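There is one chain below, alone, in structure tokens, taken in the form predicted alone.
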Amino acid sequence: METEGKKRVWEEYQKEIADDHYFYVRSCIRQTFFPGSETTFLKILQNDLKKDVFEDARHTTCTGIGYHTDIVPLETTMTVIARHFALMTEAGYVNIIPSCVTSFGLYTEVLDTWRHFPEIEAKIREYLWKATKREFKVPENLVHTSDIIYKFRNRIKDLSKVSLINKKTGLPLNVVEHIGCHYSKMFPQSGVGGAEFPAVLTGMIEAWGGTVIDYPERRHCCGFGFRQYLVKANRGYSVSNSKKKFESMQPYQPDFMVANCPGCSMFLDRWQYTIAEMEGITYDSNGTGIPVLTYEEMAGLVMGYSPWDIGLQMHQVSVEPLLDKLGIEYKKEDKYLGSNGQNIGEPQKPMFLIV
């Protein structure tokens, strides 16, 4: 009876995730931070899983950063998002999958607002028509791209070339998962597992052989928060949030971190460099820092993709210690080669963080 009760409770935390035919929208900031992640997602979905994924080059930012910093008015944001829905409609799709958790949160917020206030939706439809002569249907299925990888995690396991196992010890890797606030906290019912038990990343980690670390600040914000970083005077608050998380996870000796938010991935990676430069410390035992992956990068490694082809050289914290544990072969001399084989330039060496 107890087990059946738990199953019933867990059913409340599930969400419908379409099987195929996705209208894919990229993240404006993710293309700058870790551009290989989105390319890796498309390769896995289209080439390996044989799914129909369409993207439109006319897609633009959702204005999320501007909206959350009170620069872009809500009605403007809604009209921009309505245009996204119009592009989806014109392409003949009904399932929309944003790459950014802020876009996912905003789309969810907009659709929820329209459900409660249909007169606002009518006004936005009028604005869109006057501005672009476009019309739209609301998506039938809205999920984040991490939901898609979660849905097909077992299929990816079947196709995998690498497991999240330390080749030297034979033990599962210890993994810290970090869920973006705009994925699970704004509308808990819209994320797999809700805000209390988000399973979208843990499901991937466990399916692919890793062990999830539960530590005190597991659900603490990474510190991005838009205003905390965009306003220069607030950046100390931003870095202090990440520092609090690093100090909390340090005793558990994680092998790497994985996040489903573009900003979280970037800050958990970059702030380790910043803290090392400021205080001369790292949160691992070797001085190289704790590698931070996006979920697409983690999936790409599991699928046997080249670490440099998926863009791991873009990370501030070196990934080579993790690749060695996974038993993945790589050429150091290829790390900073572009797609044309030319050297794209190596970053300047930091003072304390070993790279």
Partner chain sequence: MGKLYDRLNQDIRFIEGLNGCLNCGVCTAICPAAEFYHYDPRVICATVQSKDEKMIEALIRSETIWYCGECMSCKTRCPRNNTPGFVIMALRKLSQELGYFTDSEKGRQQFAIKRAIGGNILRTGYCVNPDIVSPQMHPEQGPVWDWISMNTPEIMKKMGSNYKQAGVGGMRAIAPEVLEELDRIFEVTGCYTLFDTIEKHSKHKANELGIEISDEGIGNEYFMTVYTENNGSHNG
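Treat the numbers as computed from the prediction; the structure is a model and nothing was measured. Residue numbers count along the first chain shown, from 1.
Separately, the form predicted in complex with the partner chain exists; it is not shown, and the next lines address it.
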Establish, in the predicted bound form, whether 51, 155 and 178 all lie within 4.5 Å of the partner chain, using non-hydrogen atoms for the distance. no
Residue 290 versus the partner chain, in the predicted bound form: is there a non-hydrogen atom within 4.5 Å? no
Partner contact for residue 72 in the predicted bound form: the partner chain, 4.5 angstroms, heavy atom: yes
Within 4.5 Å, heavy atoms only: does residue 16 come near the partner chain in the predicted bound form? no
Please tell me whether any heavy atom belonging to residue 232 falls inside 4.5 Å of a heavy atom of the partner chain, as the geometry stands in the predicted bound form. yes
Using a 4.5 Å heavy atom cut-off, which stretch among 155-163, 199-207, 138-146, 183-191 contacts the partner chain in the predicted bound form? 183-191
The listed residue (120, 91, 171, 94) that reaches within 4.5 Å of the partner chain in the predicted bound form by any heavy atom is 120
Stretch 75-114 - residues with a heavy atom within 4.5 Å of the partner chain in the predicted bound form: 75, 76, 79, 80, 83, 109, 112, 113
